[in-house]
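Here we start with a single chain on its own, the form predicted alone, put down as structure tokens.
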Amino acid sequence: MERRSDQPVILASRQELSPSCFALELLCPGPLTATPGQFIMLGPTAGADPLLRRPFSVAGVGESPRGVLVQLLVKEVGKFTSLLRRLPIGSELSLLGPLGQGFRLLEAPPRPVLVAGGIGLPPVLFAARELSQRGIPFDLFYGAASSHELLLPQEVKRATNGLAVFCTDDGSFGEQGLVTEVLRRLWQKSYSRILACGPTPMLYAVAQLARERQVEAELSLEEPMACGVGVCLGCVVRLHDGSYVPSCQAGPVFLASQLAERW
């Protein structure tokens, strides 16, 4: 388990990706390691607006001469993400992480298939990079509403050591249709596990497909979080045995077979 730290970080770069999404690189002066599926809590270093830090999935971690670079993919949906889109490069922020339980890559079976929907790409892209480095073959399916919302398609292709399939609801890029529908149509018998992150309806469909194909699915849930460390209990999910656990600690990645009947 990676050791978490609470440290100031510097906004090192920002790249516009779509009308609503952008990429950030944060420079951490102290050590920080993470596994795909883990997240960080990010907020301002001064003032109380916003009062609470916000959770962001890690898209990648790399080394630089000045420290560790953490890559994030962000969708502008509220006050803080709007601030991040306009914050001057070189500004200081406060980072707590890494947090949570990620994908079980050390237990990865011979041929997993990765599935991402919209802004659910970050942990899937991070997992793709790690699996490629380990020489584990996989295919990747990535869907969005339109071509304008498909993020970093060339980087996704480079990170994938097998088939990279892009899907759009309107057919403006790649296969037309929901990513789960395309995955069902192009399913390979060699797929032995699904790793997925995206909107909740997509994850429901992934879990159903996994049951039908008799494989396990690892689902990165997108539950609202206030603290990220299991104190506020605002992100609890129900397990199949009837118990409730905070997804920020027990997840955000869960086996579909762990979750309650609704999955």
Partner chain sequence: MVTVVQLATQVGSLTLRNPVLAASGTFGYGLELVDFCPPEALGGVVTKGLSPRPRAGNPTPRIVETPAGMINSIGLQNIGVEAFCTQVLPALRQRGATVVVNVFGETEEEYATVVERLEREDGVAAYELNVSCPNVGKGGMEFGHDPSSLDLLVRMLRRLTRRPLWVKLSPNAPHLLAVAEAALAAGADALTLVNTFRALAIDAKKRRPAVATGFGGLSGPAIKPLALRLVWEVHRAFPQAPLVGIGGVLTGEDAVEFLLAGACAVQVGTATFRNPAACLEVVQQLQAFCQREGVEDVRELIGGLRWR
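Please read all numbers here as calculations on a predicted model, not as lab measurements. Positions refer to the first chain, counted from 1.
Not on display, but discussed next: the form predicted in complex with the partner chain.
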Pick from 191-199, 25-33, 53-61, 207-215: which stretch has non-hydrogen atoms within 4.5 Å of the partner chain in the predicted bound form?
53-61
Mind checking whether each of 5, 225 and 234 has a heavy atom within 4.5 Å of the partner chain in the predicted bound form?
yes
With the partner chain left out of view, which of 156, 96, 150, 74 would have a heavy atom within 4.5 Å of it in the predicted bound form?
96
Would residue 229 sit within 4.5 Å of the partner chain in the predicted bound form, counting heavy atoms only?
yes
Can you list, in sequence order, the residues from 19-34 that come within 4.5 Å of the partner chain in the predicted bound form, counting heavy atoms only?
none
